[in-house]
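The chain that follows stands alone, in the form predicted on its own, written as C-alpha cells.
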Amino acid sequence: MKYITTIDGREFAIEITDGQVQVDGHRLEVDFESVSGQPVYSLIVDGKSYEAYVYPDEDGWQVLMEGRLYPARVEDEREKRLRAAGGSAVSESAEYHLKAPMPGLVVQIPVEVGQQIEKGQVLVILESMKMQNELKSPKAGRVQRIRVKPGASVEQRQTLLSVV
C-alpha cells in the first residue's frame, strides 16, 4: 500500500510491502512498536533508536520526537486524489491549537498573549515521564490565547494555547 505523508508542507511517498518500508524510493529497515498500549512508540530506523509520542487530532496526527512536535497528515493515494479534487487545503492563516501530546506538568510558557512568534519557536515546556519536552509552533503567527499556567497538570490532547 502506498501512502503520502505531509510534514511541514513537504510530502513523502511511503510504500509498505511485505514488512519493508520505502520512503521516496529509499528502502529502510524499520521496527515500530507501541510501548505498553500507550501513545508512546519505540522506533528503530536503520539501527537508530527513537522514542515518539503519536496521537490523532482533527487534522491528522501529532508526533512528538526528540523534543519537536510534527503535525502530520497521512493519506493513501485515493484519499489524496479525492482531497485534491475537492479543493480543500489547510490555510496558513487558520487558527492552530497546540494540544498536549501526553499527560504531564506545564513547566514553563515562554510566550505571552499577543506575542508574535516564528515557526519552530518554543511555546510550552511540558514535563512527562521525568523528561522535559519543548512543544514548538508549526507556523509563524501571534499567540491568541493561553489556556494553562505553569505548574498545571494537563491531560493528553488538552488544548494548551492557540496561535493565529
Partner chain sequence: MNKVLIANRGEIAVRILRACRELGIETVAVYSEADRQALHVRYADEAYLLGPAPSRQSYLRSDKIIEITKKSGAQAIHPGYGFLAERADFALACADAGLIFIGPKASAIAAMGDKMKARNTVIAAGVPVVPGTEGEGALADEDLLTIAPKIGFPLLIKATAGGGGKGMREVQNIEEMPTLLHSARREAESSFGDGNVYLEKLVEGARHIEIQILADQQGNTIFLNERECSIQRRHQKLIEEAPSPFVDDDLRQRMGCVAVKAAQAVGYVNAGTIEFLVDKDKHFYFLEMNTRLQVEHPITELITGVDIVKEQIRIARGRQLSYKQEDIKINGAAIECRINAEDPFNNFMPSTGVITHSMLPAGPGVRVDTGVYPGFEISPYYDPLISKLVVWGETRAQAILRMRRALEEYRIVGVRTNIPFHQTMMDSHRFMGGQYDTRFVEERFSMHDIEEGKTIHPEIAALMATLVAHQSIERSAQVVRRGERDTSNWKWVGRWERIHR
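Numbering follows the first chain given and starts at 1. Keep in mind that what you see is a predicted model, and the values were worked out from it rather than measured.
What comes next is about the form predicted together with its partner chain, which does not appear here.
Q: Please determine whether I16 contacts its partner chain in the predicted complex, using a 4.5 Å cut-off between heavy atoms.
A: Residue-level check for I16: yes, a contact with its partner chain.
Q: Would you please decide whether A152 lies within 4.5 angstroms of its partner chain in the predicted complex, comparing each non-hydrogen atom pair?
A: It does not: once its partner chain is placed as it appears in the predicted complex, A152 has no heavy atom within 4.5 Å of it.
Q: Report yes if any heavy atom of G67 sits within 4.5 Å of a heavy atom of its partner chain in the predicted complex; otherwise report no.
A: Yes - in the predicted complex, heavy atoms of G67 and its partner chain come within 4.5 Å of each other.
Q: Given that the partner is absent here, does Q158 sit within 4.5 Å of its partner chain in the predicted complex, heavy atoms only?
A: No, Q158 is distant from the partner.
Q: At 4.5 Å by heavy atoms, is each residue in Y96, Q121 and V148 next to its partner chain in the predicted complex?
A: Result no, not one residue of the spot touches its partner chain.
Q: Can you tell me which residues in 24 to 42 come within 4.5 angstroms of its partner chain in the predicted complex, by heavy atoms?
A: Counting only heavy atoms within 4.5 Å of its partner chain in the predicted complex, the contacting residues of 24 to 42 are L28, V30, D31, F32, E33, S34, V35, S36, G37, Q38, P39, V40, Y41, S42.
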